[in-house]
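First, one chain by itself in structure tokens, the form predicted on its own.
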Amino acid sequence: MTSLPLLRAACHGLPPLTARLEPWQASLLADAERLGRLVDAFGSPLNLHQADPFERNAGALLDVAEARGVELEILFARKANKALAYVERALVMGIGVDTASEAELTQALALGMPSDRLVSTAAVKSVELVRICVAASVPVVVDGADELDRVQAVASEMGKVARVIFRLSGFRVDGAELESRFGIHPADAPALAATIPVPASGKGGLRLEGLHFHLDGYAASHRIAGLGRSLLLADELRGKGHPIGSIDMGGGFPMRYLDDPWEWQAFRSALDEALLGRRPPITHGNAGMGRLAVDGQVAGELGLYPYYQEPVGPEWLAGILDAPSKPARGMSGGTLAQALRSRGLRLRCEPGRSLLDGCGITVARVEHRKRHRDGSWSIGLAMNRSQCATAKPDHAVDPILLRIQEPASRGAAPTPTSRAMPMPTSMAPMEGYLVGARCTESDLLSLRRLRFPHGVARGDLVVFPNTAGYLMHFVETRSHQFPLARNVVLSLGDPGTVTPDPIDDLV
């Protein structure tokens, strides 16, 4: 076993960004031999999952709502991770699933998830997807008149009542309107709702039963504005006979990847200093990740996830529910929690990343090292950039390097004795970049320059911490016909038990 401080010391960024780790992750990483056997058995890269933090994270949100008398319905944003382990855990917990595709929906239904705990929020909804929703009585979040027409046509064809929810956008914050490609403007929603007969026809009608919004970013003020405007619209639509029972505030619940706020500040300062030429670059090609030096100043928005932020999760939700609500006709003001409670409205939400905080790691094998003439190194891993990435420029936390004795022949199956050999001795320090297997200049697994104080050897393992939320699957590809990473679930009750997630047999 190797201690966690020693593990972290084997690789760090310039400057470091030390990732938070769950106890189960620290325990697994301290047993490099076991992790090496898992990679030998399942391939590189390998996604490792543990669903207990998922339950803890959801429970913390439910506790916040319960303390304020708010009925909160959590629907896990399945797009954040495709592993079925989290759908299975949600089913046991009594929470729901937000599905954004036909496959996500049919898989949840096949596992026995009740329709009342499902929703379809797909950005583009095919006729086939709508038919599944209508047949199973799963609510459809509609984005405009065309989608509403499609749902109406399918409902008429099937002779069933379709459950629909209006997605809203265009809320005003600080005098400006929040722009989005999604949603119906609140001012336009009553006219669209007027096309829905009340009550719904039992032979192919629509039932408008909720409101929804999903806002970009993590600003609590935006959610407060969205909830306030949605409450007023709910009052108006209820007055016209529509049975609005819930308001869904979507996802975007913030989380932290780092424990140390000073590391995040130091990184941001060092990035700007490097862009201004005042220190050596800390990224490949001095990439600014959205920042740009112009006339001696650095401008532009950093394109990374805010790896340290506060408040997060439960505290963030508490601040929203405790925010003041504007008085409505016949109702007092009070807090947003009181406004929801007095109307008998359920609050729904669709967190993804924040529910998966602490649930997964991705590990890959070092296949080669190459020293360049400037002294930097390329460390080639058996994976590609899509297998630990989102739409953001980088996963900017320090990987963890595990030193592994490489078997004499990589082509031969590893044996317990080959894995039990003494750890490699320290080598000369190295600095450089992790690179992937795709034949493009851009396939860097991280843009950050990394330092390896004791070197790197072929056969070593590189671990990317806390990757379950969006990083494992959101943009993964089979470019070059590489296989997708396998997904393996670890049990805390029996630490020796690992189970392949069944999703790998479906996709």
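Here the structure is a predicted model, which is why all the values come from computation and not from measurement. Position 1 is the first residue in the sequence shown; the rest follow in order.
Keep in mind that the form predicted in complex with a small molecule is not shown, yet the notes after this line are about it.
Peer 1: Though the small molecule is not shown, can you say which of 380, 139, 252, 432 has a heavy atom within 4.5 Å of it in the predicted bound form?
Peer 2: Of the listed residues, the single hit is 252.
Peer 1: Counting non-hydrogen atoms within 4.5 angstroms of the small molecule in the predicted bound form, say which of 348, 79, 385, 403 makes the cut.
Peer 2: By the 4.5 Å criterion, the partner-contacting residue is 79.
Peer 1: In the predicted bound form, is there a heavy atom of the small molecule that lies within 4.5 Å of any heavy atom of residue 352, even though the partner is absent here?
Peer 2: Although the small molecule is absent here, residue 352 would touch it in the predicted bound form, with heavy atoms inside 4.5 Å.
Peer 1: So, residue 125 and the small molecule: in the predicted bound form, are they within 4.5 Å at any heavy atom pair?
Peer 2: No, residue 125 sits far enough from the small molecule in the predicted bound form that none of its heavy atoms falls within 4.5 Å.
Peer 1: Does the 4.5 Å heavy atom contact test between residue 212 and the small molecule in the predicted bound form come out positive?
Peer 2: Close contact exists here: in the predicted bound form, residue 212 approaches the small molecule to within 4.5 Å, heavy atoms only.
Peer 1: Can residue 207 be called a contact residue for the small molecule in the predicted bound form at 4.5 Å between heavy atoms?
Peer 2: Contact with the small molecule, no.
Peer 1: Suppose contact means a heavy atom within 4.5 Å; in the predicted bound form, does that hold for all of 44, 86 and 486 with the small molecule?
Peer 2: Heavy-atom distance to the small molecule in the predicted bound form: none of the three under 4.5 Å.
Peer 1: Choose one stretch from 183-191, 106-114, 282-290, 212-220: the one whose residues place a heavy atom within 4.5 angstroms of the small molecule in the predicted bound form.
Peer 2: Selected range: 212-220.
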